[in-house]
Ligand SMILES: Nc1ncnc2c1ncn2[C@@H]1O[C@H](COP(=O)(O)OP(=O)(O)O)[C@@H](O)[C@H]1O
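Just the one chain here, laid out as structure tokens, in the form predicted alone.
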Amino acid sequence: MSNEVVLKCTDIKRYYQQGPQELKVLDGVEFSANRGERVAVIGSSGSGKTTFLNILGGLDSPTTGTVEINGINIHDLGDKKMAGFRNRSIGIVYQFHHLLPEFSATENIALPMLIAGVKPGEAREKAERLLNQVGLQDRADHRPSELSGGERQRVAIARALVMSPEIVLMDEPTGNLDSRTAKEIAALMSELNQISQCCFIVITHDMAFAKTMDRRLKLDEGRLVSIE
């Protein structure tokens, strides 16, 4: 892990209007993460974890505050530029893998590269290389329905990494997995992190999984606090 800051949040606030009342979900979040760092964020249901992750990924906008990735304020980009930036620089893994059912594992992984205009042959070659890294080289032509839950999540992680992003955001990546498979995913993340040196930000309720991260934070009353 380097000391180079790749992600910086400054005074992030996210309020929602509920009739005459204002609901404060995030209330002045200050946060930064370095290249290659793995950070776990925990918190009770409704604490704003997913809202926080969506703001980091440019899928939602803060009421006030800034999110900078490599010094770029992502919420100043506009929708079209944000979509392109997200494709290049941010990988996202959800609790439910969101793989396209009609595509093979290789095709699902290659999709972000194809969207970016990479030649099909080059995209397939890198997708196959990542399949090998996640231990699924013998599942290249299998569709999601032919894969186990752990295998589908491995494909989703490979897809998130295929564009060599600065940051990978993960929302409960082990939430639907048994404890043994969750441990396998944690070990895989550690291995891929060492290879790619990208920054992993992980929302999780799984404390055993959180303990495998470099740093653990809790979202409490709209702010992030260390739980070391």
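From 1 onward, residues are counted along the sequence shown. Keep in mind the model is a prediction, meaning the values are calculated, not measured.
Another form, the form predicted together with the named molecule, is not on view; read the next lines as being about it.
- Of the residues given (Q197, T51, T63, N176), T51 alone sits with a heavy atom within 4.5 Å of the named molecule in the model of the complex.
- This chain is drawn without the named molecule; in the model of the complex, the residue among S44, S164, N70, S190 with a heavy atom within 4.5 Å of it is S44.
- Using a 4.5 angstroms limit between non-hydrogen atoms, Q18 touches the named molecule in the model of the complex.
- Contact check for M207: no non-hydrogen atom falls within 4.5 Å of the named molecule in the model of the complex.
- In the model of the complex, the named molecule sits beyond 4.5 Å of every heavy atom of C9.
- With contact defined as any non-hydrogen atom lying within 4.5 angstroms of the named molecule in the model of the complex, the stretch 140-172 contains no contacting residue.
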